[in-house]
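Only one chain comes next, encoded as structure tokens, the form predicted on its own.
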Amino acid sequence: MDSPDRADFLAGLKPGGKYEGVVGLYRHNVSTDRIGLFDKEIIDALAAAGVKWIAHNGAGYDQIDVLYCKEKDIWVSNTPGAVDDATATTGFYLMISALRCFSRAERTLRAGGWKSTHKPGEAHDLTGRTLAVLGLGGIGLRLAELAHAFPMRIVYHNRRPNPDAPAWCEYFGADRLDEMLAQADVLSVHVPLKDSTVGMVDETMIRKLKRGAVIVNTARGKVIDEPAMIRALEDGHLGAVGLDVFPDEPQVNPRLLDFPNATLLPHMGTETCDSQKKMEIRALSNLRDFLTKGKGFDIIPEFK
């Protein structure tokens, strides 16, 4: 974190550099602002310097070329679980705002218009609605627990059933995905970003949702085909969206700003003191365990 740019960081990894002798490191996404992604150039330099462990602070690790790390015998850990509550409550807020039109109402109030733009016929209660969770991992399951209290009906799609899912979570496999989409009032996206999930929520999937459905995304922006989503907002197929993530952060497609039925947040999923502390402790614990026991606990799936 004391390297002002990539060149300085790479120089520090060379013999005699300020990072000489480092065998493990703690990585935070904000480092990207200075040194960029952990691509092959950086990973080659880390491997040459003798680094064997990257303790990444975050559940998502798409900023690291983890397959190349594996090839170079550099282990990677993340912080699953630590982000579940904060990210799930972010998704929960986005869902409530999208269904109830709260974001639009607040903007109207701030502009001095009171309820001049509100149409009750466009707002909906959560009770009795169907929430479809695309990727029922820790975050998706926590959101399901929150939504179930209303109660909402909870359905989900994974590659395989989640053994930790309660009985009230209805599983839809690949052969029934279309059936799940057709029943969803809200589709909440929770899949990790990788080559196989870029544009996963595409035109076809969006159009299989019932007319007026809501999409919520707290995963990664590139998981959704943004132009397809915008087209569905334009023609009214989507009733609203709630987005905490975007394909080219921190840039936001200006077209999204034109939709009064879009609730938009600047990637606030884990931005609480409580979650940041849990994430830091989890990441640093993985680094400590590597140094003292030879292996951290939270090894990413690609290494298992």
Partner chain sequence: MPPRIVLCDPIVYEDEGKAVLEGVAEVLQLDPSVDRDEFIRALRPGGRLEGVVGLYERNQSTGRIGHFDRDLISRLPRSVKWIAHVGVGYDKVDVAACKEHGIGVSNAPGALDETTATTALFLLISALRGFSAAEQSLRAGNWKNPHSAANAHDLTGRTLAILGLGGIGLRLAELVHAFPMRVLYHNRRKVANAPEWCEYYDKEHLDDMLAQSDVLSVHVPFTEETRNIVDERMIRKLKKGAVIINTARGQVVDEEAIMQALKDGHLSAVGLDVFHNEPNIDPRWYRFPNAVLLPHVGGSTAEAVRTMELCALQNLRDFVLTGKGRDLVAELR
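Note that this is a predicted model, so its numbers are computed, not measured. Residue numbers count along the first chain shown, from 1.
FYI, the form predicted in complex with its partner chain isn't displayed, but the following is about it.
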item	value
Selected contact from L126, C169, L177, V198, since only one has a non-hydrogen atom within 4.5 angstroms of its partner chain in the predicted complex	L126
Listed residue that, although its partner chain is not shown, lies within 4.5 Å of it in the predicted complex (heavy atoms), from I74, V186, L141, A86	A86
Non-hydrogen atom within 4.5 angstroms of its partner chain in the predicted complex for each of F102, A105 and L264	yes
Non-hydrogen atom contact L257 with its partner chain in the predicted complex at 4.5 angstroms	yes
Contact label in the predicted complex: E271 to its partner chain, heavy atom within 4.5 Å	yes
Touches its partner chain in the predicted complex: A165 (any heavy atom, 4.5 Å)	no
Contact label in the predicted complex: N217 to its partner chain, heavy atom within 4.5 Å	no
Per-stretch contact check against its partner chain in the predicted complex, the hit in 60-68, 274-282, 231-239, 35-43 (non-hydrogen atom, 4.5 angstroms)	274-282
In the predicted complex: members of 25-47 within 4.5 Å of its partner chain, any heavy atom	none
